[in-house]
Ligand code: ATP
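Single chain ahead, by itself, as structure tokens, in the form predicted alone.
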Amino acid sequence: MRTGILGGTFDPIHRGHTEAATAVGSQVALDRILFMPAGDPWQKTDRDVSPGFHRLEMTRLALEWVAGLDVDSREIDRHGPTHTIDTLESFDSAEELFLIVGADAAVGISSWHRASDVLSRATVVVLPREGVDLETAARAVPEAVFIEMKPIDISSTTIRQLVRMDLPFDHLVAQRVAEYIESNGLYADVPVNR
């Protein structure tokens, strides 16, 4: 089994996430791609993160009709800080893992908890990010697979700001995700710079 893992806060999940996964699926032979919302993202302590059950449900709604993309709740279900190596080690050792990250994350991968073990357990698949030099990412993770695609200019931060300012945001997320955000009042009372 060749499994791609796309982790993230997904606060909220947006069309850029699904477009990126689709690009990976078209360029790397994988049996499946798992979207894995982070439980307690240790590198996001500078801001409040929406409760895991909301982020998990939005991810499910975004992927419910997308073939080959599935949701995995193991990081939400686990208590304590979310470390990538713990997630990777929770898979069967016979499963071939492909960790999908943005070029910005690839550049900083040496700061991750047990980074060398992460690199030993999974092949890193790098997505381009606006303003991040791919050569720098390649030096940080020499064995990585680089996906050829135009960087996607959508961010969860922008979506949260649009919701807060009562501006249209539904073109950036799946319709059911937009409905979920609105019906649950997510982000409406959050400071713009969160």
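Since we're looking at a predicted model, the values are computed, not measured. Residue positions are given as counts along the sequence shown, with the first one as 1.
There is another form of the same protein, the form predicted together with ligand ATP; it is not shown, and what comes next is about it.
**Student:** Please pick, from Ala62, Leu127, Ala137, Leu69, the one residue with any non-hydrogen atom lying within 4.5 angstroms of ligand ATP in the model of the complex.
**Tutor:** The option sitting close enough to the partner is Leu127.
**Student:** Going by heavy atoms within 4.5 Å, which of 98-106, 69-77, 113-121, 83-91 lines up against ligand ATP in the model of the complex?
**Tutor:** Of the options given, it is 98-106.
**Student:** May I ask you to check whether Thr157 falls inside a 4.5 Å heavy atom distance of ligand ATP in the model of the complex?
**Tutor:** Yes - in the model of the complex, heavy atoms of Thr157 and ligand ATP come within 4.5 Å of each other.
**Student:** Can you check whether Gly25 is within 4.5 Å of ligand ATP in the model of the complex, heavy atom basis?
**Tutor:** Outside the cut-off, so no.
**Student:** Applying a 4.5 Å heavy atom distance criterion, does Ala20 contact ligand ATP in the model of the complex?
**Tutor:** Yes, Ala20 lies within 4.5 Å of ligand ATP in the model of the complex.
**Student:** Can any non-hydrogen atom of Ile147 be found within 4.5 angstroms of ligand ATP in the model of the complex?
**Tutor:** Because no heavy atom of Ile147 falls inside 4.5 Å of ligand ATP in the model of the complex, the answer is no.
**Student:** Can you tell me which residues in 7-24 come within 4.5 angstroms of ligand ATP in the model of the complex, by heavy atoms?
**Tutor:** The stretch touches the partner through Gly7, Gly8, Thr9, Phe10, His14, Gly16, His17, Ala20.
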